[in-house]
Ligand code: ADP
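Take a look at this single chain, the form predicted on its own, given in structure tokens.
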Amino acid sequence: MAKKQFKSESKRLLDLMIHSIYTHKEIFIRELISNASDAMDKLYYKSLSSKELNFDQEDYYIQVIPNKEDRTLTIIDTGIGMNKEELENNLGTIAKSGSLAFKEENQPQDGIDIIGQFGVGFYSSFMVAEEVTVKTKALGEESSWNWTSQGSDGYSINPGSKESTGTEIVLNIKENTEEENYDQYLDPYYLKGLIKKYSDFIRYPIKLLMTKSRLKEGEDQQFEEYQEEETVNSMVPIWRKNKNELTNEDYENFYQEKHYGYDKPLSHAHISVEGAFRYNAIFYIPEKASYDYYTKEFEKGLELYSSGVLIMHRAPELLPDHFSFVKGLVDSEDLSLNISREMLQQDRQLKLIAKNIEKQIKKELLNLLNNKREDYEKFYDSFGRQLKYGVYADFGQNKDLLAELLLFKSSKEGLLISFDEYLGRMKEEQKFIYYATGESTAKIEKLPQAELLQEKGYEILYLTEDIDEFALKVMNNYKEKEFKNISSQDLGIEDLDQKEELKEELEKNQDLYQEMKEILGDKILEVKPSRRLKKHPVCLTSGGDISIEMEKVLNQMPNNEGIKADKILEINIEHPAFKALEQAKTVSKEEFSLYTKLLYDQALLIEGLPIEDPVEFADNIWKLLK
């Protein structure tokens, strides 16, 4: 029969199908296997409404046969097949889907899903094949037909010799080029990997002809090659099984099989949603972060399946950034996909899945926190930083969702506690949730600003990561209890008598404090007397929104040099250093200046801030020792 032109009229359209729609050439195997599965689903559906048809599951399978010598790859199904008219309509018209038409005409019942939607998947074959032949015989037909094409130059349909119902697709694989290794599509082990990746959960057996080796009979250490058909797909995905039939070991084995991580998951959740929009999902809370988790190279996302066929290896839309550590998958029959089935269309259904998964993840994390504390702390050690970033990001949009999940070390017992646990043991008169910042708990414990709070028995949260205080600043409060840095100017615990006493002291020695301020200049906002200090002579507190610790963090970032907190120098009026300061003021202006600078530098050192002029500091120490 003479060659016909494609009804979609243009070579340019087929070129677009082959070269632009699909990101990876290997996708062709997914598309052809999905079409084969559709063909058997159609036959199964027909058997439900016809007494003459008997659908025996064992008779339905897909065969994949690579032949390196002939450079052919053959895919055979025992499905419904096509007659001449269907060949003409389905393969002669690009982007017309026989599966979609079948679905619309027959409205398949629940549990029977036809994968194909767009009718372009078949043409992905031409990405790897220079010629494609389709040998097919339709159910109930006497004749069989062969459809042959070398791509955009058209196709021909001729009578065939196929005896059994079904379809056989023969791909003549292209020769290798400098850019592309086409030989891999003839390698059984490579094909097996692709089938496991994309089509592992097709409901029919996928049989692949594998080349194996064995010892020759009667010959010592001599091997011979032989071919054996092997079913390479799992068929029934774990997420479609009844949860009651599955054990923790089953879920852990699946985690390892999918290579979600080398660790053992701490927890998992199995979700099955029915109704107007159906989907199944399994997700895991890992114990450890991957080596690239906190790098720009890390890609978040859940695997996305449509009716058991892998569509995306990672679908980032399904996970918010604050839960990007979660591993797992979503499978739905109702997804809106783009024409290549490689990307999701942004729609309401997708957002609903993502929102529900976010709620389920939080629920699972709270379950760990409340019932498996040791496991939660292992998780938090790896991913707590990500939760804090989630609180801080997007102007605190997710702070209410994540606040319950945060833990910080406490001044009591040195253990990690949640905000709820802190509130549960607050003193009755306590107004604030107090926290302290520093490089380590050991350094924080020595901060002079904590002395008064420790004397009163108030608990302090220790913030040791650079993101910590930024997260708390965004939250501002937890269940109406405001956060208060122990280095804040006002701790909210000074009684009226103490405030009056400090006011009188400030008025009494106003000249001393003012002269110290003039000596230190714009390095500080003010100098004032303190009652928070017990053993130490001096400390720095902050008078604005930027704390001293935040100043250190921000100045380490690019283009942020020069950011400064409003520092207040507080003097312990009961300390001998203050008596020496008063005496120096009456003796010598130079000596008073020396004492002032040394006290300020001491306060900087306590805070872990750099001394602005180390040489001057060393000289001042020497002057003091004279």
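Quick caveat, the model's predicted, so the values are computed rather than measured. Just count from 1 along the sequence shown to find any residue number.
There is another form of the same protein, the form predicted together with the ligand; it is not shown, and what comes next is about it.
Taking the partner from elsewhere, every residue among Ala36, Asp77 and Phe122 has a non-hydrogen atom within 4.5 angstroms of the ligand in the predicted bound form.
For the options Met210, Leu319, Ile361, Leu91, the one in contact with the ligand in the predicted bound form, meaning a heavy atom within 4.5 Å, is Leu91. Of the residues Lys585, Lys42, Lys597, His575, just one reaches the ligand in the predicted bound form with a heavy atom at 4.5 Å or closer; this is Lys42. Residues within 4.5 angstroms of the ligand in the predicted bound form, judged by any non-hydrogen atom, belong to 80-88 and to none of the other stretches in 457-465, 80-88, 413-421, 524-532. For His259, a non-hydrogen atom is located within 4.5 Å of the ligand in the predicted bound form, even though that partner is not displayed. Taking the partner from the other structure, the ligand in the predicted bound form has a heavy atom within 4.5 Å of a heavy atom of Thr167.
The distance between the CA atoms of Val273 and Asn35 is at least 3 Å longer in the predicted bound form than in the form shown here.
Compared with the form shown, the Tyr305-Asp41 C-alpha separation decreases in the predicted bound form, the change being 3 Å or greater.
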